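Below sits a lone chain in structure tokens, taken as the form predicted on its own.
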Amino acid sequence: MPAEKPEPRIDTSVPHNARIWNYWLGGTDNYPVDREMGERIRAFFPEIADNARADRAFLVRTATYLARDEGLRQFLDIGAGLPTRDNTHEVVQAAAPDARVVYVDNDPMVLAHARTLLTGTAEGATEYVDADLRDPEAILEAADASLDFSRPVALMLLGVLNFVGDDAEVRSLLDRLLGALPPGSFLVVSHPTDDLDPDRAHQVAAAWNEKGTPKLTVRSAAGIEALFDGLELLEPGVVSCSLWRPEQTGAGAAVPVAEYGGVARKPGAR
């Protein structure tokens, strides 16, 4: 028998994106170093927790729309992060119990929590792949065991492309992943932007990159929109996550956050 792979070591001496995000969302899967960094950023950018919540609400609205209104039954969520409320499989399987969801992440703490993610409906499937966004071949090969790439897939990239700083590399990754998906598939992206407050957005990135991992890149609205080149953007286009088809709650207009998002369809016959 092949030797078992050693369990990955969780480094609690360096703040990490997934754990800091978990802290801003009110979770408990984080360490003092993560909370310290989270509070350091919150001190000069108090809206950061609003960004995190708006991004999560964007996931809920987009995933619900794709499962309920577009009829998608396959979701590939890369950069899944730590389990919290309204995980992708919970959202889509509430709308379509037979939906199949594959989560991808390379964070050892996420891997340690994988069994929490691996619970879905009996009719559908929920799987986890330990892989890096920068290795699309490994992702596609592993996901092929659960997803049928001859049928449309929703490629979910929420808050993950901002950890690839080189635009050409981002384009190459998107082209490879989208190239494996048939027409009628969708791309969902959320990404921090410097459109609303450039100085503070780059202050956040600088603070993060001083000690945090992985390194953060902030892009303009035009740079984020370019991620959807060759696809058919759905209305209202690339906007603040809180403004993408916001729910009408009677609590007043949605407030823009410095996290932009969009949804686009791969063109061609379906």
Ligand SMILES: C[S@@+](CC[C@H](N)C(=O)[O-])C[C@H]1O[C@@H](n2cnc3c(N)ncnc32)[C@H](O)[C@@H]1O
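Model, not experiment: these values are computed from the prediction. All residue numbers are counted from 1 along the displayed sequence.
Keep in mind the form predicted in complex with the named molecule is missing from the figure; the text below concerns it.
- Residues with any non-hydrogen atom within 4.5 angstroms of the named molecule in the predicted bound form fall in just one of 177-185, 195-203, 144-152, 102-110: 102-110.
- Of the listed positions (A96, A125, A131, V170), a single one reaches within 4.5 angstroms of the named molecule by any non-hydrogen atom in the predicted bound form, namely A131.
- Comment: the named molecule is not present in this chain, but in the predicted bound form one of A80, V91, L76, V189 has a heavy atom within 4.5 Å of it, namely A80.
- Mapping the unseen interface onto this chain, R40 falls outside it, with no heavy atom inside 4.5 Å of the named molecule in the predicted bound form.
- Within this chain, R219 is remote from the site of the named molecule in the predicted bound form, having no heavy atom within 4.5 Å.
- Contact check for L140: no non-hydrogen atom falls within 4.5 Å of the named molecule in the predicted bound form.
- The named molecule is not drawn, but in the predicted bound form it has no heavy atom within 4.5 Å of V257.
- Of the residues in 156-174, those that come within 4.5 Å of the named molecule in the predicted bound form through at least one heavy atom are, in sequence order, L158, G159, V160, F163.
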